[in-house]
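This text opens with one protein chain seen in two forms, each one given by itself as structure tokens under the names structure 1 and structure 2.
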Structure 1
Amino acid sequence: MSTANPGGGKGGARRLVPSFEARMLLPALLLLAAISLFPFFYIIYMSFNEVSLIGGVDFEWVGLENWVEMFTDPNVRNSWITSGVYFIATVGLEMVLGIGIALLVHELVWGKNLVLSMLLLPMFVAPVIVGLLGRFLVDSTYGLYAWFLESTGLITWEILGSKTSALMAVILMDVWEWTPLITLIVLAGLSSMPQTVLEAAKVDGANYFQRLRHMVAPLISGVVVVALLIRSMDAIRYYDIISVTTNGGPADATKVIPIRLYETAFRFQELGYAAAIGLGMLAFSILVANLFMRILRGQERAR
């Protein structure tokens, strides 16, 4: 079933039709090439050079030096580990909480729409504001949460000043912002389930957890995977929250890889080395994008 040629009946149109789609695609793809492919090859070139910003941009070929340095630099390795911890903690918590909240909201009899609208609000907040607001809430003099934690005796120290609590704080800020996205996606999966099948299982005496495990879980697994991939991509994309709260500190406890990259490039002016680190990040996101494409193609085939 070819859709490239809807006007096929009209003789000569046949050859012209494909070029119509091409003409529609061309302006956008040319612009996209200029702003994506060109920088992509540029960053590869940068990674083999020592780049200096004194008076314009100056390159000095150093071969594999930056790459060797990246694979042997203990600081970069530590940042990858911190990124890994941050990634697993944020995405893990967001998935567990997001799915749990979606199951709860799905059961609501009234007020479902209103509750969902309120739950979604954090998603629209600029990540930098999430960071600044989080900093306000845990500030030892001004903060509402700091006051609460201190008066209950749970945390009596400066939250962003200590390694473990600072890492936990930036993780929870991310969780606050993005759990709603998982809830939203999983709810879409839940509401598209065939209700009659679930009702039948209920009548047959299956309890809530039996239905959850044997019917709901398989039905929404596809949607859950999509949610996981979408979140995974964004989790390595953004670094605004950490940038305005701890900026990597204290003692590198929150120095995830994008923060390390930024510091390498703009504070230590080692742009070539930063380019190698950036390509490492890019490799990861392309891997996730690949998985995402596979799922989409699987869906298309199933249709």
Structure 2
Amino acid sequence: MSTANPGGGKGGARRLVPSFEARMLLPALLLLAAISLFPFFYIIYMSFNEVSLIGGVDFEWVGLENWVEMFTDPNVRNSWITSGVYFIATVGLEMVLGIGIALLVHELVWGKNLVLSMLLLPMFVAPVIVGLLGRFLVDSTYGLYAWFLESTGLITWEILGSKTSALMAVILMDVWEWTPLITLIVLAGLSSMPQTVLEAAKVDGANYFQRLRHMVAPLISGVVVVALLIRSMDAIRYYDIISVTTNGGPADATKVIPIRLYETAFRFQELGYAAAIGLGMLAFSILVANLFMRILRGQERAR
């Protein structure tokens, strides 16, 4: 923003004039705002209505009925519990495995690029393909994993037909695909560490675990929080793998809140209720993001 002094004097009023770049960007910004804000406020309006698609789109004002139902519906509550289990298990395993693999790759002397390229391959596979591949591998008739587990006596039943094993299967599929992302982010943080400081600590007699605890961990803590934030935002709304493997079954064991939202909107045609559920997901995502941002800002202040 540039300023101008129409009064001509030193004490004249100062008027803010948009810069040339701001004026050029303004039409695009207004268009993006319209594209983003209109659907958002439209969904908010839908959440206070009962929406009917018979003979066209028809709105009937119901006030807070959809919101009250969302907080009292046991099916939605169970889906949130399932989502919580899925969220904690996937993000937790991915963070532990991703950090561990990143530390191992960082210590490699030769072949680091080749190993990293092989590790990153699952991340570039479409989630739908990951789900189809996982369903094929755990099929009791011709699946390799199912055959191995049955041969060793660990699992002798249909993996996707049992509540516990079905949820564990989709969790492991997600972990297989997105652990490389955590590895890549953490490895970038490890590569940016000041090597002279680490070498000085090594010369002073600090062993690997002492350097890892007192030097490496504080240096990459901000990167780890960023990786945690990225995966958390994605895990909350994850849909693809579960949709093509179990579609929420068996007996709603894997029906996370995005699957419940999809069924409410497109199977039962309760669009107003689905809008309330979607806004609830948005509110939860914002709370999680704010939590991690506070942690990140606290780390920056501590430094």
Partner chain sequence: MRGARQVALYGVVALVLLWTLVPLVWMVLSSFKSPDDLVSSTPRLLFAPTFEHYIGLFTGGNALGGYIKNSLIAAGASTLIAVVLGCLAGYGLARSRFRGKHHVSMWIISTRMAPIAAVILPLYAVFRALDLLNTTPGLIIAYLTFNLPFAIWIMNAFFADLPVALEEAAMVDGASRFGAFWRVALPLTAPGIVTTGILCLVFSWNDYAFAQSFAGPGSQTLPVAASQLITQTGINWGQLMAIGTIVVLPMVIVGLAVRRYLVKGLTLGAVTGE
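Throughout, residue numbering runs from 1 along the sequence of structure 1. For clarity, a rigid core is taken as the largest C-alpha set superposing within 1.5 Å between two forms. In this text, all values refer to a predicted model and were calculated from it rather than measured experimentally.
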inquiry  = Of the two forms I pasted, which one is the form predicted together with its partner chain: 1 or 2?
reply    = 1
message = For residue 279, does the CA position differ by 2 Å or more between structure 1 and structure 2 when the superposition is done on the rigid core?
response = no
